[in-house]
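What follows is one chain in structure tokens, specifically the form predicted alone.
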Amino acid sequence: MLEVKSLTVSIRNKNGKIYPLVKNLSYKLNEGETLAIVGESGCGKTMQAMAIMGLLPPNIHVTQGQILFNNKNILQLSPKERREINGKEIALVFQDALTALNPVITIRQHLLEVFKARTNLTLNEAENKIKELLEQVELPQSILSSYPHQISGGQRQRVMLALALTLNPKLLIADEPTTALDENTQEQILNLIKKLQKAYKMAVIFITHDLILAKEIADRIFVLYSGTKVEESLAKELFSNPLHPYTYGLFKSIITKDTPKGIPLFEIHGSPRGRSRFYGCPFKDRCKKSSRVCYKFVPSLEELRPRHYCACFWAKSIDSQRRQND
């Protein structure tokens, strides 16, 4: 359904210099599949999603690559053609529902606006459709008269899901839809996305910095670091056998209710933002295994196990050691 090929998204600064934010990113997504994109803040997760939707800021552009949706390069479409795809074929749930929703109109007006702008439904037909949508996202009809600030964070995310589903899209991009929600509400939103995915037969791109959430919802996961894909595999395989030092560090950083008290928390030292990220391995300055080769060359993404890819000069030795231990 979707194929991102060698995508590079770059920003131009005030001096006219161009810096890549997402570098040579490639991946595929099949119908009905859920792909989780994982990485810390600023790694390019949202930026690549905005490139798919055609919503990049004015000073940020796609400088290389293709985005194929049903074998059509959507980067070459006119604004009018892209508008036909957005919403009807590809829908986006934004990260912060409170800022994404219009504060001065009711939930009913939000939903009606979509039907008025994009369909030929009568007012009665649109109202009936809205009632169906609210039932599907498990919201009461009484919420229609509320403004965004008058409802809870979980309810706002459900409204965002309802807005995304109004035109029956084939692909849903959910950009950290559970941010700032409590654990129970997160679980409810995840289960709702799974239920809606089956009902609408959608593919889903789930963007998150939380590996636990990614494992719960995704068929496949890939890890972004500083705009570069460093590892990709089936969700179960990634959790049982992370090969990239960065992925391993993310797993070590996970805190659960079973984490022993009094033990120092694991930390990935350093920052992903630095001039050295423009040459060699992007993770080299923070990696305990980095050597001279890591500073000279960029590691390529290699298939080390079936459907398990990793971009690290040390991944093969890490994998062979684990095979021996197994």
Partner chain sequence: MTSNTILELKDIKKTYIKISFFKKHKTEVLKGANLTLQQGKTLALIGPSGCGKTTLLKIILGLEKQDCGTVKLLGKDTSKITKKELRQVLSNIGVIFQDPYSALDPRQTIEQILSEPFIISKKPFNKQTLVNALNEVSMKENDLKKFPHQFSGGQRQRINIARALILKPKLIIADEPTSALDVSVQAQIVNLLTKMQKKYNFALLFVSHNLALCKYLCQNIVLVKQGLLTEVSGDEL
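Just so it is clear, the model here is predicted, and its values are computed rather than measured. Positions refer to the first chain, counted from 1. We call the rigid core the largest set of C-alpha positions that still match within 1.5 Å between the two forms.
One more form of this protein, predicted together with its partner chain, exists but is not displayed; see below.
This chain appears without its partner; in the model of the complex, the one residue of 104, 123, 255, 117 with a heavy atom within 4.5 Å of its partner chain is 255.
Only one of 165, 111, 250, 217 comes within 4.5 Å of its partner chain in the model of the complex through a heavy atom, and that residue is 250. The candidate stretches are 182-190, 130-138, 82-90, 68-76, and the one lying within 4.5 Å of its partner chain in the model of the complex by heavy atoms is 182-190. With a 4.5 Å cutoff on heavy atoms, residue 40 counts as touching its partner chain in the model of the complex.
For the chain shown alone, residue 269 is a contact residue for its partner chain in the model of the complex, at least one non-hydrogen atom being within 4.5 angstroms. Using a 4.5 angstroms limit between non-hydrogen atoms, residue 209 touches its partner chain in the model of the complex. Its partner chain in the model of the complex is not approached by residue 240, whose heavy atoms all lie more than 4.5 angstroms from it. With a cut-off of 2 Å and the rigid core superposed, residue 57 has a Cα displacement that falls short of the cut-off between the shown form and the other one.
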